[in-house]
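Quick setup: one chain, the form predicted on its own, written in structure tokens, and binding and motion questions come after.
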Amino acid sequence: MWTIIGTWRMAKEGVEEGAKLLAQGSSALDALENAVKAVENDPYYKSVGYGGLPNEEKEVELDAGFMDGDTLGFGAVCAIRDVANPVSVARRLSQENVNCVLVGSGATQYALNNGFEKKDMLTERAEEFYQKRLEEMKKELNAYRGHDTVGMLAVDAQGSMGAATSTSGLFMKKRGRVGDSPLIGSGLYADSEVGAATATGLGEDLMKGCISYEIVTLMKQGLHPQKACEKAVSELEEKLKRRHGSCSDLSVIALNNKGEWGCATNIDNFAVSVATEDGCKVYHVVRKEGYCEAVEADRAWVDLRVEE
């Protein structure tokens, strides 16, 4: 028994890569790293890795996190630049006892010192979006807050679990801005004795609830991953609206060590990609009254490779 799940349609090809490895007996950690790398290397998606949209200084600053559910080892890079696969650097850091989270030039230097590939991550397509946005901002003051994180969770045939994330963060963000994605407990959490969770949306709101750790805690208390996701999203949304005055995008996925999964959102266009021994499927996450339902996407929509 094994399962791998990722946020958004953009995770599908990566999830399929990870599924091939899991089917061959590979570890959850190897499957996750290779799955996220597949998304990082695809220039089509504008919120992850190569082709990710830049900050307001036209710099592509990337964030990634990686967690080993067996050892609770955790590593992260924040605002790393000119490195091809931040998730691989995060995984390497998760094997360290100290200095597990590195930021900015320190993260970049660590990566290059340890043989990771140096690469200019700004594509012509991303630069075109940047220039277009500069023109749009002459007419309005707000920066475009586009954001989608690829977050993935896996359990392998031995019952070991892991979680991994990668993102370029908010388009036109301030230099050095870091959201929830690479932060343990907020963007991701994994415990092989229970399960794992990851989040996507506006990091500044997701961090206020340490939502990934909250979901794993709810699963530890006996909730199915679906119920844990729904409860965590609804309670954080209600709390933020009541105490903060507003709430932005909150979307989550979870997986327990039995291979059962769940998802929840407070927006209308969230999707998840899931692979098991029965194959890989993409689901729209549809909000209902008091719960969320995963509805399998039709083949035509999946084949469009839409950017959610």
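These figures come from a predicted structure and were not determined experimentally. Heads up: residue numbers just count along the shown sequence, starting at 1.
One more form of this protein should be noted, the form predicted together with a small molecule, which is absent from this view; the next part is about it.
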| query | finding |
| --- | --- |
| Candidate from Ala76, Leu206, Val233, Ala163 lying within 4.5 Å of the small molecule in the predicted complex - any heavy atom | Leu206 |
| One residue of Cys210, Val103, Leu202, Cys100 in contact with the small molecule, assessed in the predicted complex (non-hydrogen atom, 4.5 angstroms) | Leu202 |
| Residue stretch of 103-111, 193-201, 80-88, 131-139 approaching the small molecule in the predicted complex, non-hydrogen atom distance within 4.5 Å | 193-201 |
| Contact flag, Glu214 vs the small molecule in the predicted complex, heavy atom cut 4.5 Å | no |
| Distance check, Gly169 to the small molecule in the predicted complex, heavy atom within 4.5 Å | yes |
| Close approach of Trp8 to the small molecule in the predicted complex, 4.5 Å, heavy atom | yes |
| Asp148 within 4.5 Å of the small molecule in the predicted complex, heavy atoms | yes |
